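The chain below stands alone and is given as structure tokens, in the form predicted on its own.
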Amino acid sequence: MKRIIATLVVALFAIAMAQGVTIGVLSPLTGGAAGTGQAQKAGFELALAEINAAGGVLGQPLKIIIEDTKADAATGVAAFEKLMTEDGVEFIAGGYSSGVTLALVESFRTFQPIVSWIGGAVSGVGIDGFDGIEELLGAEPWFFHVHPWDYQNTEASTAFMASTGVKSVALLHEDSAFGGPGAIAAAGLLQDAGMSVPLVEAFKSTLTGGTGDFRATIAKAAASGADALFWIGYDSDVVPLTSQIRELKYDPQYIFGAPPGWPSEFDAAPEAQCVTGLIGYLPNLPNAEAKTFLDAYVAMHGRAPDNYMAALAYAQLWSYADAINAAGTTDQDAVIAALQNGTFRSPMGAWSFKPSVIALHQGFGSEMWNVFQFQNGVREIVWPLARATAPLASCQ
């Protein structure tokens, strides 16, 4: 009887291995954040091709199932529950929008797959009485967060602003779970760094139902007399907001934007000139991994990546493949241990999961960020100076 049971276990294991590993991906492929979602998809596709060319996962081709969240909370929850109940996946990747992520918290806790999450960067660290994704999910052993948290974003943004020598900053932010807490943290850090913040003003993002008319908000920023403008919003806000800044002839010394991604068509627009922003990856980063990723990406997609989410998605999928192969099994505890202890590849260089202020498993931190500036249609890195490809130019 023991021999029969052992044989059955081996047979079931062989069947599972033959079926291979499937990772479920949640990403906004359509809607107002489609540019970021499509960038993630392109990064996943490149990593998937490379992983399978290198032998796959546990000796079988890796598979992914990508579900479109549309950056909408209800759609995201339904897509996740489909992956759990219909597709039976054990691993979740992708991720975008703090609002969608907050809506997924209880579903994540109910099913408890391993979740490696790019987006949902809102944290309550430094904000009294507010619980963000870090507080709600960060202590879960099965939750791994890839993208820097909001306070890590604002640490980098503040360091850049301080490096410019400006004395005052007007702060505009979209009014959801992404922009609101981010603005509170940014205002505090700017003031701690010796800059005054004469205006903190909310606006309705086009992604969450706004009309795209930001003129009244921009006029308040202009009236504040601040040296620099710092705005937090979504990808779909970039073009209307920046166009209206030019229309109203508002010319602070520096214009700094912090959306999750920048529309590719914006680079060559006249209103893009001198605008600065945070970005995790650019093809002109001075490291070998960035060039290797660029060449492979162009070979597959016929163009250079224009959104750093492609690089993060690529890094995320490779981390799963390397961790599962290192574990030698899909057993959750073994894969969690391999993710905790591994060092992984990325276009930004080697990385690993480490504890953050609250989260057990945080991937990239403030060190990932670069500040670029649109200069004559090119995204030049202007900060930190060690990675700069051009000097920072004033908008005045």
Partner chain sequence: MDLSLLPQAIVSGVLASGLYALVSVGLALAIGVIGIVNFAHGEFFMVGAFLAYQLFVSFGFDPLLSLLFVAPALAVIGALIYLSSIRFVLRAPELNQMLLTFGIGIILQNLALLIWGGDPRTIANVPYRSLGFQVAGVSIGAVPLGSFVISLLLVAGLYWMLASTPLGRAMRAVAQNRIGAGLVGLEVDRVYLVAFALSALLAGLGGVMIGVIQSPTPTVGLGFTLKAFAIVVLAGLGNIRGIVGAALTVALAESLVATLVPNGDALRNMVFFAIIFVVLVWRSRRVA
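Positions refer to the first chain, counted from 1. Quick caveat, the model's predicted, so the values are computed rather than measured.
Another form, the form predicted in complex with the partner chain, is not on view; read the next lines as being about it.
Interface residue among A299, A193, A268, A139 relative to the partner chain in the predicted complex, by the heavy atom within 4.5 Å criterion: A268.
Checking L29, A334, V357, L58 against the partner chain in the predicted complex, a heavy atom within 4.5 Å turns up for just one residue: L29. The candidate spot formed by G24, G94 and Q340 lies out of contact with the partner chain in the predicted complex, as no residue has a heavy atom within 4.5 Å of it. Contact annotation: P198 falls outside 4.5 Å of the partner chain in the predicted complex, judged by heavy atom distances.
At the 4.5 Å threshold, heavy atoms of D213 reach the partner chain in the predicted complex. Mapping the unseen interface onto this chain, A288 falls outside it, with no heavy atom inside 4.5 Å of the partner chain in the predicted complex. Although the partner is absent here, D175 lies within 4.5 Å of the partner chain in the predicted complex, judged by heavy atoms. The stretch from 49-57, 359-367, 343-351, 32-40 that comes within 4.5 Å of the partner chain in the predicted complex, counting heavy atoms only, is 32-40. Looking at 231-263, the residues that come within 4.5 Å of the partner chain in the predicted complex, counting any heavy atom, are D235, S236, V239, P240, S243, R246, E247, L248, K249, P263.
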